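What follows is a single chain, given as structure tokens, in the form predicted alone.
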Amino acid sequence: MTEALLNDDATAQREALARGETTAAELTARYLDAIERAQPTVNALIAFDRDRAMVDARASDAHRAAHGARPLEGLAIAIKDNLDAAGFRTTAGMATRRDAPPAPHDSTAVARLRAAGAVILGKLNLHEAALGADNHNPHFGACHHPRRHGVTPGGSSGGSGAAVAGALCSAALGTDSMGSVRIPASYCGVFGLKPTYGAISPRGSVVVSRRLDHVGVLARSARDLGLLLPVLAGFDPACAESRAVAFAPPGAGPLRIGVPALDGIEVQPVVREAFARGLDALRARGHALVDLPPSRMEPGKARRAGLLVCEAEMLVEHAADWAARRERFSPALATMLAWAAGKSAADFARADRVLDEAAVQMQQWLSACDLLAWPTAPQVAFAFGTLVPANQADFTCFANMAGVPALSMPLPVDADAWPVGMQLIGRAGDDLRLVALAHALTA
């Protein structure tokens, strides 16, 4: 097996496995070696178990030989550490959970991966409690951008973005409450899909917000998202947030793609320029662009309301530790939760209504077109130690509040430039349409 295969997308790896050019055991071993080499500089994983991964990889090879290949047979997947994977602690990047017993069962998403033949490599670094977007974790160490130590990969699924971009796994699971899959995808130059709300069951995850949380996927190609989504999606009757989503077919022919004005959001020039080239690429493929008005609601208002909803619900999710071990929360997280603790039930209800306003805005935009195109993040990756931009999630939060699918795809940039992402957003169930468009633009 060549080293180049580690950098290939999961679909190419799946084909190489099918042709017998490599084995699950060899692919897994090479990724584990790459993880060990990268840990001192990237720190993408909180935990990995070489022995168990190799046992599972050899079992995958045996299954292929005896019964044929399952959809993800032998692919090496890494899991954000707020999703249960049997045998691993689920820390959510928190000191309060360092001494938790290993999870006895897989989360629904991880169980679906295993049933499809995937090999689980380990648990990925994340922003503390999945509430933040730079992955400067005070308990498990910062996760760094694979291109440069000292630069954020984004968050909260920073380990997921870094591991995929750094060729440390075939693909990765993340979670997204207001942009936590798509922001690291944008910063790291990979593909990230936040599916329709409930399409992938969040059962077995550490909750940030039941209304806003989505389990998502990060990968090195759009076609990989199309490979993984059907495996992961499906109604889970044991999960209140799960939905039986009927995915619309990708369709054919030109689309009417709405472009909401960027008014009121400070966007770096490099992002504006790359996004303009992305819109040119859509026009060149025959799609019609529809200019849409800016949000009637200032995006920061929506983002701040979403943050209060998350903080309030986390006071419930982490109630026992908040009461007994508050000193194990970082000062930053403790300040956020203490602020929410001082709010009233009416404050929470008002914030929830702001989320409804954001959902209506998204619905109105989508009623005027087939899909939306927007930048993923207003800025590119930045160095740790600099001020974290408050507006990181201004473009991503609306899709969570509306429960609609959103995909971040990398845009062409100069070789020495930091990656920039373009976001494609559709109606509920349009996930495969977004994947097909992203594939057409990048294949």
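Numbering starts at 1 and runs along the sequence shown. Just so we're clear, the structure is a prediction, and the values are computed from it rather than from any experiment.
The form predicted in complex with another copy of the chain is left out here; the points below concern that form.
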### Query
in the predicted bound form, which of the stretches 357-365, 171-179, 124-132, 139-147 has residues with heavy atoms within 4.5 Å of another copy of the chain?
357-365
### Query
Which residue, R272, R328, K301, K343, has a heavy atom that falls within 4.5 Å of another copy of the chain in the predicted bound form?
K343
### Query
Here the chain is shown alone; which of A324, A115, A349, A288 has a heavy atom within 4.5 Å of another copy of the chain in the predicted bound form?
A349
### Query
Does A338 make contact with another copy of the chain in the predicted bound form, using a 4.5 Å heavy atom cut-off?
no
### Message
Can you tell me whether E241 touches another copy of the chain? I mean in the predicted bound form, with a 4.5 angstroms heavy atom cut-off.
### Response
yes
### Query
Would A312 show up as a contact with another copy of the chain in the predicted bound form if we use heavy atoms at 4.5 Å?
yes
### Query
Looking in the predicted bound form, any heavy atom of D236 within 4.5 Å of another copy of the chain?
yes
